[in-house]
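The data below hold one chain only, encoded as structure tokens and taken in the form predicted on its own.
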């Protein structure tokens, strides 16, 4: 039984996806570490640092199923060293003459930082795919509801008319920027680490730079150029971008949460017949999906903050920085992957009530247009002051806005000019966002990086 609710058989689906869990699961992590060690041996063999036969033997036996994992755990605890248990277990399946050629010139951080880049490559692929699905759903909503009018709200209050397509296009545009960040970040993030004790590669002698180049190439990673043992900005940036992704999804979820309230009734998230909103109040249809997006984003931001703290370390290595990443980075990745899958389901099945949106408009949402019409005659500030007084009186007496304006002498009867459904350039903006996004999607790869 796990002590973490994220690993619970009952609740785990709320905190991580199977694909991302598989990346960070212990046997998968150890297998990846072994592959890193095998790649290191091959790179060193190519530069004459270790015998080619030793590299071949290490590669053949670098399989987690061959190792005594109980020994790995026991020796890790006994030695207090993060990877010595793994090395001793690997040596058990290697001929004695090969032992000295394992892990030559490398450190724990070389192994774990390189694995981090490999893990991020797998996670990023999941995030890229599902974020593009979110964008596709939003673009579809934007096009279908280009001219679906609803009240634009500021400070939680009805302001001026917008369209739901315009709102969805704004979300899609934000998602597109996250896709740009993922694409632009890949060359910075997906790099290997090989530096030795303090990062100078001194244990590998003159071959150090060439070994590192070959090592990174063996794993399909970029060569960093210089060791980044203490420079944790890469991991902090990844965490920040993923937290921003969840923030966008939480903003969308928050909108659905608010507009699903029965007294508003403009949106409804999808549900299934089996879903129970409340045991004691059977009429309820709770916004569980949209609500959970906010929960996931809060936790992602908190863990991303830990990664940001890691940027402040001391000297050439500081375990306080990078060991905290072992906890915080998987959490951010798991939370983001879950948020994306929830968001895809939410948006692909979102119910939009056009009639409720139009019904929630009242004539006073045309006040911005009325101000524009009155400004040439009265001046902007005088017009605003006069309108505020007239509209307050109209509201208090239950009078429609056009009547209140006529009674105050602020609007000629032949030109009401303040239609509550004037959405300005909203439709044109939708067209621009959709066209730009579809052009970008046509040119970019469906896979990452």
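Just so it is clear, the structure is predicted and the values come from calculations on it, not from any experiment. Positions refer to the first chain, counted from 1.
Only in words, not in the display: the form predicted in complex with another copy of the chain, which the text now covers.
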Checklist entry - Ok, 216, 352, 308, 141: which has a heavy atom sitting within 4.5 Å of another copy of the chain in the predicted complex? => result 308
Checklist entry - Though another copy of the chain is not shown, can you say which of 93, 378, 358, 73 has a heavy atom within 4.5 Å of it in the predicted complex? => result 73
Checklist entry - Hey, in the predicted complex, does residue 29 get a heavy atom within 4.5 angstroms of another copy of the chain? => result yes
Item to check | residue 432: touches another copy of the chain in the predicted complex, heavy atom cutoff 4.5 angstroms | outcome: yes
Checklist entry - Contact between residue 436 and another copy of the chain in the predicted complex at 4.5 Å, heavy atoms? => result yes
Item to check | residue 132 within 4.5 Å of another copy of the chain in the predicted complex, heavy atoms | outcome: no
Checklist entry - Should the three residues 34, 42 and 125 be counted as contacting another copy of the chain in the predicted complex, with contact defined as a heavy atom within 4.5 Å for each? => result no
Next on the checklist: Could you pull out the residues of 153-190 that have any heavy atom within 4.5 Å of another copy of the chain in the predicted complex?
Outcome noted: 153, 154, 155, 156, 157, 158, 159, 160, 161, 162, 166, 167, 169, 170, 173, 174, 177, 178, 180, 181, 184, 188
